[in-house]
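Given next, in structure tokens, is a single chain: the form predicted on its own.
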Amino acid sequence: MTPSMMGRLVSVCLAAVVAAAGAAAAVDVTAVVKERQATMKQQAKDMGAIKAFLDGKGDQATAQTAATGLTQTTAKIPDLFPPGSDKPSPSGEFAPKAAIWTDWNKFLDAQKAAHSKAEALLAAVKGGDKAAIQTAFADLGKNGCGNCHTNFRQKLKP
């Protein structure tokens, strides 16, 4: 193969890689927004299961499954907010604030804090001490979920 042919082959391969990367980077915004809302609804359901246990209306095993779910969903939050997915929720009730993408590191810090608080809640649920569970539950709600919602979510409808 001549040097000129090798150069063309490298150029063609490089163009193919760039095109493939661009296609992979394309985001199905509708699907992302639906998954994001489904994840947030699942988190609310999981918090409800833990609250039911705290209120004597649920069992510890269900609360532990819910707390495990919270550790999993809080871990994947950054994946639910790719650039270009700044559309409102399907219900039209909420939309992400631009600060998610303009201050990505602050968003990641909030996500990491929420995930850490979800892990603490799981440990408390596993321990079974309702006072410890209540403390961890309130901390996740206020300083985990609430912190993110205050700083990175806007309400569109009253």
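For every residue, the number given is its place in the sequence shown, counted from 1. Every value quoted in this text rests on a predicted model; they were computed, and no experiment measured them.
One more form of this protein, predicted in complex with a small molecule, exists but is not displayed; see below.
>> Please determine whether Gln37 contacts the small molecule in the predicted complex, using a 4.5 Å cut-off between heavy atoms.
In response: Output for Gln37 is yes: heavy atoms within 4.5 Å of the small molecule.
> Is Phe53 close enough to the small molecule in the predicted complex to count, meaning some heavy atom within 4.5 Å?
Replying inline: Although the small molecule is absent here, Phe53 would stay clear of it in the predicted complex, with no heavy atoms inside 4.5 Å.
>> Can you work out whether Lys57 and the small molecule are in contact in the predicted complex, taking contact to mean some heavy atom pair no more than 4.5 Å apart?
In response: No - in the predicted complex, heavy atoms of Lys57 and the small molecule never come within 4.5 Å of each other.
> Do Ala95 and the small molecule share at least one heavy atom pair within 4.5 Å in the predicted complex?
Replying inline: Contact check for Ala95: yes, within 4.5 Å of the small molecule in the predicted complex.
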